[in-house]
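Listed next as structure tokens is one chain, alone, in the form predicted on its own.
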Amino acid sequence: MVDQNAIRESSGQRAGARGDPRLDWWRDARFGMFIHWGLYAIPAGEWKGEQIPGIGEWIMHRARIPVREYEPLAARFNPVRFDAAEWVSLARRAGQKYLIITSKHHDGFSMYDSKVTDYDIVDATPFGRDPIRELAAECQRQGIRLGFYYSQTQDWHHPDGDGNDWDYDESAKDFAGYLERYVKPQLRELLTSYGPVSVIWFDTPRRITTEQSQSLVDFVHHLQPACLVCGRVGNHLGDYASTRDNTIPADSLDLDWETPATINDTWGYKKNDHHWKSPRELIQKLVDVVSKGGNYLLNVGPTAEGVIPQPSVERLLAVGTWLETNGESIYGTGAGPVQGLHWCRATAKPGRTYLHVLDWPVGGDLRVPGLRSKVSRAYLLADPARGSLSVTAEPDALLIKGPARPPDPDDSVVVLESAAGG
């Protein structure tokens, strides 16, 4: 059953229509890194001595900061500790297969060397380097796919962008002109200057019309036919769907979809947000998403110096350690045949079902209702010897005899091989 309430901006893909081979790599990847990085990392949640509530990258909007006051942050932005190789290596060690970074967020500041504006990291900051170019080179070298977040509708700096009603008259804005003369030229730069781009991740469509959303989809596909367009381009268009932030649907969805998620409570860096999710939570959320047919796009928010916070690093590496043993049950899998159990999730690929036991039962007896396929063999994925577990078919369930103690405290994976896949 499709949980439509969980989908923020569903793509144009109809339920069950999943034959587009351009998404094959994305369906196999299942786990990606999101990076929210920009001028908002300097105030880091505080403006003029006041803590501004809400997510860090929205500080300009939440505090209604005039352009003339926000713009000078660029002169202070000098992320001398930024290391593209280190960032991409972290994604790789975490088991993430693609990386999406903010090229322009709602504050309108371009994090790459744009010729369309001087309000960018190369022209307006003492840093004077193009981190997007450096990340593109590292992604190519380390085998991670690269994508760009781009705010196509909201732009609080541009007089014709959507969202800034404290500096500009909303009714006087030429939004159509903004799309044609600013957004599309910047997208052309991103799609023609940095090599293969795997995803353009649009966001908050708001006032954009169906025709305008379709025009952006066509524009991206014209420049790079293999590049995927996130469903947040708006108006039920795009190549795959996006859920609401940090939202996991209650049921499996028969379409291509992704959950964007934070490790703490913010996307952009916020110095006083220490509400870190545990590695166990992150592993189980990843499993929950994949067990329902989705991808998990997990965010980091680097500091103004260009450092990914250590709590994020530690948690990502913990997930990566779990994936070193259990990645077979995530990569290249889809929703499993077992749904709706509080203690267990299931992923699957031809010939194999992976039972993710989140809450190991006392004694180790796993009674799994609803499994009807014949099982030729069962074993623990964490067992190098792949020793067989006892399996008994009951009228309404499958009984698997596991060890008394779980092999993994966060998620123990039991592999069921079908007779056909034997």
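Please read these numbers as outputs of a predicted model, since none were measured by experiment. So that there is no doubt, residue numbering starts at 1 and follows the sequence shown.
The form predicted in complex with a small molecule exists for this protein as well; it is not shown, and the discussion that follows is about that form.
In the predicted complex, segment of 203-211, 118-126, 251-259, 170-178 with a heavy atom within 4.5 Å of the small molecule: Result for this chain: 203-211.
Any non-hydrogen atom of Asp245 within 4.5 angstroms of the small molecule in the predicted complex: Asp245: yes, in contact with the small molecule in the predicted complex.
The small molecule contact in the predicted complex: Phe34, any heavy atom under 4.5 Å: Taking the distances in the predicted complex, the answer for Phe34 is yes, it comes within 4.5 Å of the small molecule.
Partner contact for Tyr296 in the predicted complex: the small molecule, 4.5 angstroms, heavy atom: Close contact is absent here: in the predicted complex, Tyr296 is far from the small molecule, nothing within 4.5 Å, heavy atoms only.
Contact of His61 with the small molecule in the predicted complex (heavy atom, 4.5 Å): Output for His61 is yes: heavy atoms within 4.5 Å of the small molecule.
Of Lys292, Lys270, Arg315, His106, the one that lies within 4.5 Å of the small molecule in the predicted complex (heavy atoms): By the 4.5 Å criterion, the partner-contacting residue is His106.
The unique member of Tyr240, Tyr149, Trp87, Tyr98 whose heavy atoms fall within 4.5 Å of the small molecule in the predicted complex: So the residue touching the small molecule in the predicted complex, by this definition, is Tyr149.
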